[in-house]
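Single chain ahead, by itself, as structure tokens, in the form predicted alone.
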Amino acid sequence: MSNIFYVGIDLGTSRTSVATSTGKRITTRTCVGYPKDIISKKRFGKDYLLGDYALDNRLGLNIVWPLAEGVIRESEKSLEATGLILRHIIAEAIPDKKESDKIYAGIGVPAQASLNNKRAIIDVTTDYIDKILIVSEPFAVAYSIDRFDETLIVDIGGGTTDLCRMHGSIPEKEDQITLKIAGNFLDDVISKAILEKFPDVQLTPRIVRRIKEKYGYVSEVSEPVVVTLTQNGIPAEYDITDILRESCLKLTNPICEAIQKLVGTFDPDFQEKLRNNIIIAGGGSRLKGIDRAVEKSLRDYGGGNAATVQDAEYCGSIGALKMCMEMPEEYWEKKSRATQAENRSNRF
């Protein structure tokens, strides 16, 4: 007898996480490293490396980040890399799968992802996913925490920030906003700001990401943020307290404006309830004080209440998993019916 394994996947520009019906949870960096030459291929003994393992050995690899702004880049290499990442993480999450077993997967994408991107995900998973749901990432977050009535979900990822109004039914197009301002944008802003003040320090994307994840804040006050950086190989301490807050505000200010727009265009009878039920998810929800910054931005609207999710890493994939396990048959895309996938992939 064959088994059915349900898998929820949050396919992100920076990180991809998986939650399965067997209780397994896995996360990985959304990147693939290909050996640069015959020497590096001999060293690794593989045609490619994935995730953090690839980044730890990046000097001998050509690193491919296949997603940009939450969608697959338009290149054969990016399509291949996306397929490798998804295949690997599913195999790692379900190591005991038999050939006759079935994989039913829900995959989260940005709220306003194009039909072409959704079709690309279906195409690259044809060989190892039997049925698939393409779901809006903020809708998956709402599903995870069972918040469907007059709730505003703000999902701050690596490539996009996705906002979605929930009102007791499947959201319409006007209920959703996708901003191309998110974690990777903030990394770039922080890097440029540090180099502007300290032009000779040595930075890498991983150094900047670690600084952001450990110290990022938008609150009114903070303990001094002093980090150790190198200049020509010589370490020294640098105070970046003000730099960090000003950089983080360049991320949160556009998000607050988008929240104001979704509140201001909602049914007036339900605006108060909406602005008092704002849920912030994704990696960006870890910025210290972001909930209070959102509340402050709504003072002219009568105030509001914002909260961050408890499990920023897996909230989206858990929601996609719950959808997999609860959605009726007509919502699934059968892999042999790609045309129907285009017609129905906007449901979520």
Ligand SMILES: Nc1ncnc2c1ncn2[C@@H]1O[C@H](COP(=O)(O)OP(=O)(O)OP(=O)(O)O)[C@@H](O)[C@H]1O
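From 1 onward, residues are counted along the sequence shown. Bear in mind the structure is a predicted one, so any value in this text is a computation, not a measurement.
Just so you know, the form predicted in complex with the named molecule exists too; it's not on screen, but the next bit is about it.
Contact with the named molecule in the predicted bound form holds for none of Gly106, Asp146 and Gly319, as no heavy atom of theirs lies within 4.5 Å.
For Glu220, no non-hydrogen atom is located within 4.5 Å of the named molecule in the predicted bound form, even though that partner is not displayed. Among heavy atoms of Asn184, some come within 4.5 Å of the named molecule in the predicted bound form. Using a 4.5 Å cutoff between non-hydrogen atoms, Gly33 does not count as a contact of the named molecule in the predicted bound form.
Proximity of Arg275 to the named molecule in the predicted bound form falls outside the 4.5 Å heavy atom cutoff. A heavy atom within 4.5 Å of the named molecule in the predicted bound form is found for exactly one of Leu86, Ile194, Ile156, Ile72: Ile156. Residue in contact with the named molecule in the predicted bound form (any heavy atom within 4.5 Å), chosen from Glu213, Glu257, Glu172, Glu92: Glu213.
The partner is not drawn, yet in the predicted bound form one stretch among 205-213, 122-130, 257-265, 92-100 has residues with heavy atoms inside 4.5 Å of the named molecule: 205-213.
If you take 284-319 and check each residue for a heavy atom within 4.5 Å of the named molecule in the predicted bound form, you get Gly284, Arg286, Leu287, in sequence order.
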